[in-house]
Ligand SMILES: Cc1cc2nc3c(=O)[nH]c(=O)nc-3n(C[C@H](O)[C@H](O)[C@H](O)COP(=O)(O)O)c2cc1C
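Only one chain comes next, encoded as structure tokens, the form predicted alone.
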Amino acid sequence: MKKATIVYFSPTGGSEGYVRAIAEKLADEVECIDLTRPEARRRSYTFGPQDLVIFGAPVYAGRLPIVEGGIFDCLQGEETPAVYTVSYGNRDFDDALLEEMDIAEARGFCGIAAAAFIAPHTFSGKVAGGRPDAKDREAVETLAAGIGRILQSGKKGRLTVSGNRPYKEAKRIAYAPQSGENCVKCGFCAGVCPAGAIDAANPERSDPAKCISCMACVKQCPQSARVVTDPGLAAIREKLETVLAVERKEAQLFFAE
């Protein structure tokens, strides 16, 4: 292919990495639409039947992240071939992939393939640490090869993915990071927050009503000054590391038939 477009919501880079790797195996040119920042989601993006769009998003508690205006509502297709992907932290992707497909197909996209990949857990680097690895990269290659065959054949099959309707209840996990002693009030954290939960002029606190606990500000702060003081997060992290670090989940791939 000459060009593929990746559209993604990826606060900590896991979902972006997967969709970029898929696109680079399919096309000479990769157009990137980063919907992580709120201002990008306020624009409109339109695609036609000649385009290929690869979607990517993380899974939070079995669903897509809850952000104002939705993640992919700014996109519009016209019988546009699409690939749907989610990444999750070694527990389960539950209904998130199905939710992504439903949103996209209601907006004019036609799924030809989909995948659920593993990425380091948002709350603990010990869970799925080091992913993607060689086996994950093999799954990306398998997915890309299958997409290529479908596009070459020109046949429009029906895509089915795992998940249930109605979806499981969407939950906002409210562990809002705050500034620690090292904070120099540079406002960098406000620039990487995908939910607009941090005021650049007063970055010491996150708005818990907007925060999605993606930990982007914690992981990217140049001063390592963002912290979560809620003891509930430490308890969840300990449980995750006990339960989820013992079993390796593998990528799941789906193709239109």
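All values reported here derive from a predicted model rather than from experimental measurement. Definition used throughout: the rigid core is the maximal C-alpha set that superposes within 1.5 Å between two forms. Counting begins at 1, following the sequence as shown.
Keep in mind the form predicted in complex with the named molecule is missing from the figure; the text below concerns it.
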(request) Select, from the options 90-98, 146-154, 74-82, 179-187, the stretch whose residues sit within 4.5 angstroms of the named molecule in the model of the complex by heavy atom distance. (result) 90-98
(request) Could you work out which of 170, 139, 159, 173 is the residue within 4.5 angstroms of the named molecule in the model of the complex, going by heavy atoms? (result) 173
(message) Under a 4.5 angstroms heavy atom criterion, identify the one residue in 35, 212, 53, 221 near the named molecule in the model of the complex.
(response) 212
(request) Mark residue 203 yes when one of its heavy atoms lies within 4.5 Å of a heavy atom of the named molecule in the model of the complex, and no otherwise. (result) no
(request) Although the named molecule is absent from this view, report whether residue 132 comes within 4.5 Å of it in the model of the complex, heavy atoms only. (result) no
(message) Does any part of residue 120 reach within 4.5 Å of the named molecule in the model of the complex? Heavy atoms only, please.
(response) yes
(message) Can you tell me whether residue 62 touches the named molecule? I mean in the model of the complex, with a 4.5 angstroms heavy atom cut-off.
(response) yes
(message) Aligning on the core only, does the CA of residue 240 end up 2 angstroms or more away between this form and the one not shown?
(response) no
